[in-house]
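Below sits a lone chain in structure tokens, taken as the form predicted alone.
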């Protein structure tokens, strides 16, 4: 169990909190590129790390992420006019560029320097693949732009979605590094889902309901190995990398695309579950992309606001008959919603003083320890890891190894992402 003050430290990510300061040392996904599809398109509201912001794309294609509220009288700039190189407040015409700098205040005399002294808070935002990433931290500590393999592969090799998850980011992340639940919660899906079926690893998952966990430190975070029995004298290993603070990658199955997540706090009671699928050596097929859009794999079918169609207001479309027939273990369709329904059921912020952890929670325990240590060290001026290119060039691995070989030795450089290198999978 966790003491209440430690739970608060890990869960609270607003401005001025230790975990909020840690998150602000990393580029975070904030928008899909499709949300700002063209120059001078309508602005978009962004809430991240409890900050209310506005994103826009100006006449020259530059991206801006600025304070939501006009410096004059506090009007939301979501109502603004995106025109001629800036975003103009409709109330009195104040206009700002992508850096938040005021460039026009119509009521001021022509020779006034008033604009030079008005600047909204702003953050850099860059496009990587089909995602816009933002950095909300100290400019002096800004790391290199993101180097995750999913966002450096050629065009057509990656698909990203996002969904609203109505709970704290940490309980969502902890589901992402917990392989032990797969056999139970997702047991009805891995043989039928078009983005999972056909893998021999599915057989190992179903045959061995008691995985053994081994958790190993590496510079960017943790490698979490889940071991199950394979053929005589061999083990099936699924190795999940967790990179500080909120990146996870699911071990692959067969030649299906590799998938993973970023769990990005909106505020302390909600987060965005960012989900990507990519293939390092080929384009995604039309059928694969259609399946992802339809909510198969680790994606979900969402409304226009990216809230899942199956949500807590309709009990996630629970189907008890499908549960009885064994089509789904929990009665809820779709791997993503099977996870989020249970994580949301814990409440906005789960009370970890009541939990009782077991051996298969080793990855969760170590991740909490590492997060706490990194957040507290940053308060003492020690910069974190996980935001360097070498930390981000990482892969998940599925592999069968001799029983006398450790997974760390056995995977070798399979966890290192390199261009056009096939992933290691079963």
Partner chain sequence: MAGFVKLSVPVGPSSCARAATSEEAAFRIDHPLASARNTRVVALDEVAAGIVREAAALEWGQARFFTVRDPGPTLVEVEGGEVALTGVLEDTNTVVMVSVTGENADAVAVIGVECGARGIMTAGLVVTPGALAGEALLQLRPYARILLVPAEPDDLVELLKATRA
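Positions refer to the first chain, counted from 1. This is a predicted model, so every value here is computed, not measured.
Keep in mind that the form predicted together with its partner chain is missing from the display, and what follows is about it.
Chemist: Does its partner chain get within 4.5 angstroms of any non-hydrogen atom of residue 204 in the predicted bound form?
Modeler: No.
Chemist: If you check in the predicted bound form, is residue 216 within 4.5 Å of its partner chain, heavy atoms only?
Modeler: Residue-level check for residue 216: yes, a contact with its partner chain.
Chemist: Quick one: does residue 357 come within 4.5 Å of its partner chain in the predicted bound form, counting heavy atoms only?
Modeler: Although its partner chain is absent here, residue 357 would touch it in the predicted bound form, with heavy atoms inside 4.5 Å.
Chemist: Check residue 416 for me: does it contact its partner chain in the predicted bound form (non-hydrogen atoms, 4.5 angstroms)?
Modeler: Taking the distances in the predicted bound form, the answer for residue 416 is no, it never comes within 4.5 Å of its partner chain.
Chemist: Even though its partner chain is not shown here, does it sit in the predicted bound form so that 27, 81 and 289 each have a heavy atom within 4.5 Å?
Modeler: No, none of the three is in contact.
Chemist: Partner absent here, but in the predicted bound form, which of 280-288, 253-261, 73-81, 235-243 has residues with a heavy atom within 4.5 Å of its partner chain?
Modeler: Flagged stretch: 235-243.
Chemist: Which residue, 295, 211, 137, 86, has a heavy atom that falls within 4.5 Å of its partner chain in the predicted bound form?
Modeler: Checked against the cut-off, the match is 211.
Chemist: Can you pick the one in 307, 119, 181, 157 that has a heavy atom within 4.5 Å of its partner chain in the predicted bound form?
Modeler: Looking at 307, 119, 181, 157 one by one, just 307 meets the 4.5 Å heavy-atom criterion.
Chemist: Taking only heavy atoms into account, state which residues of 301-334 are within 4.5 Å of its partner chain in the predicted bound form, ordered by sequence.
Modeler: Heavy-atom contacts to its partner chain in the predicted bound form: 307, 312, 313, 314, 315, 317, 318, 319, 320, 321.
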